[in-house]
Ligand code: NAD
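Let's start with one chain on its own, the form predicted on its own, as structure tokens.
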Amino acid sequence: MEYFTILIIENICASLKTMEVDLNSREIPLIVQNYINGRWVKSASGRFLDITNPATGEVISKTSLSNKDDFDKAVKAAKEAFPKWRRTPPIVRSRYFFKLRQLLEEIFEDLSRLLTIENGKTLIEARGSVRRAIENVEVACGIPTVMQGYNLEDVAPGIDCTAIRQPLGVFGCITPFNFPAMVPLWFFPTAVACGNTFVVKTSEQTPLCQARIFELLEEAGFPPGVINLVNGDAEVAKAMLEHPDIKGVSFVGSSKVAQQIYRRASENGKRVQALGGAKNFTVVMPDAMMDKTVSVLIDSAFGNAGERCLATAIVLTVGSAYDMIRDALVDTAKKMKIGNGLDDSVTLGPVISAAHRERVIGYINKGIQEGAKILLDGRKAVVPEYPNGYYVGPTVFDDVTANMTIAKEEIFGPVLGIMRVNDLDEALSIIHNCQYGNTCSIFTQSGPAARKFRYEAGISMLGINIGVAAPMAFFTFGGAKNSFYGDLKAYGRDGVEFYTDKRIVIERWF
């Protein structure tokens, strides 16, 4: 295929020899193009953006920054493909996803490594997110059952009532940099399996994994126009929100942008599910199993370099839990190995870009200025092998109060704050007063405390002795308050509801 040209990254390979990683066997596009109507095509814009490896700071590819004309072509192809695809039996549609699942399994390790190269997360983190991506495809394979309606005979004498679900047309998604392989697959497998056609706009910072996945879609034999990829920045996103033939938009990103997406798309008559940012609290009760709790909290706070909407940002230590856990958190965080995620021994990779590193460091500075006590400072993290990488070390604050910026705003980096509270009621009060409501967790061995937490927290995704409360693909994903704008959340049953309309048929035969 002429789209993918093998790019030998000799300078990266030289620096990775000790890791036994052979990038010479990888295919990375010199320029990431669009996939429209079953073909790889160049953007008409003539604009491009460098793609850098966050671990090294080196440019590894370029992505097209498409324009409205590019997007219009993709929607036209999707609209024209919809009537035939909508009439394709669900069992037949599902077979394409069985094939896609098989192909994803075959390149599982290569895709995970590509994810690490473009995003910076460690290999184990990359493998986990690719696994979650495949699980969403597996749910789509079951669409003949999942999409079924319901009925009742004799709602009145001789009259029957049936509810059926029907696809609506062309949908689209706008997805973030932090999970470039997984998040688009939260959306398009469900939408397309339901009989819709689709346009993906992935993050311009991390387009490589989706380009590789679209190669697999082509190999799986999806008909032209059914699934399309348009790379770009805000211009493409704006076109999606305004295009009259887009029936609905799925979005993941910051809360500020999610609110704008929700408003603009809904004003244009579209369905919207806009997943925003987070400030996640974890409550630690005095009876928690502290050794296990510390291990889980470290992963929750610093996994993916803190660049995930389910990361623990603040630990609320109840009573004596503070003395039992504070030093253990700091000591364990100090042992994290910072570096290139392709090294299996690394436990903390870089953040996505130099600009984002400066943003995170700015928040750390703000925490110090506002009076928080820094127990572990990651601002001067250095990886000698990669002096140009975008590294921030694990950072832990103590004496954090609810009015501090670092307790209120999403940092999206490896920064953890510790707050002391007297009891569970005080912890719940802090959670309730936060503008975000994505997830929160409690660590305890007390059934009554766990039930009170579940009953009163008021947050959409809850963890009990779980640090990252990420629902499986057959449930639903989404927050509350300023963490979510819309009614129906991502994937699971909500996903099927979002991408279909229920038709109620009331019939009588004379």
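For every residue, the number given is its place in the sequence shown, counted from 1. In this text, all values refer to a predicted model and were calculated from it rather than measured experimentally.
Just so you know, the form predicted together with the ligand exists too; it's not on screen, but the next bit is about it.
- Put simply, residue 265 is far from the ligand in the predicted bound form: not one heavy atom of it is within 4.5 Å.
- In the predicted bound form, the ligand stays beyond 4.5 Å of every heavy atom belonging to residue 118.
- Proximity of residue 365 to the ligand in the predicted bound form: non-hydrogen atoms within 4.5 Å are absent; the residue sits far from the partner.
- Heavy atoms of residue 276 reach within 4.5 Å of the ligand in the predicted bound form, making it an interface residue.
- Judged against the ligand in the predicted bound form with a 4.5 angstroms heavy atom cut-off, the residues 203, 257 and 483 are in contact without exception.
- Comparing 159-167, 103-111, 203-211, 396-404 against the ligand in the predicted bound form, the single stretch with non-hydrogen atoms within 4.5 angstroms of it is 203-211.
- Checking 171, 412, 71, 302 against the ligand in the predicted bound form, a heavy atom within 4.5 Å turns up for just one residue: 412.
- With the partner removed from view, the residue among 283, 133, 309, 194 that has a non-hydrogen atom within 4.5 Å of the ligand in the predicted bound form turns out to be 309.
- Of the residues in 487-506, none comes within 4.5 Å of the ligand in the predicted bound form through any heavy atom.
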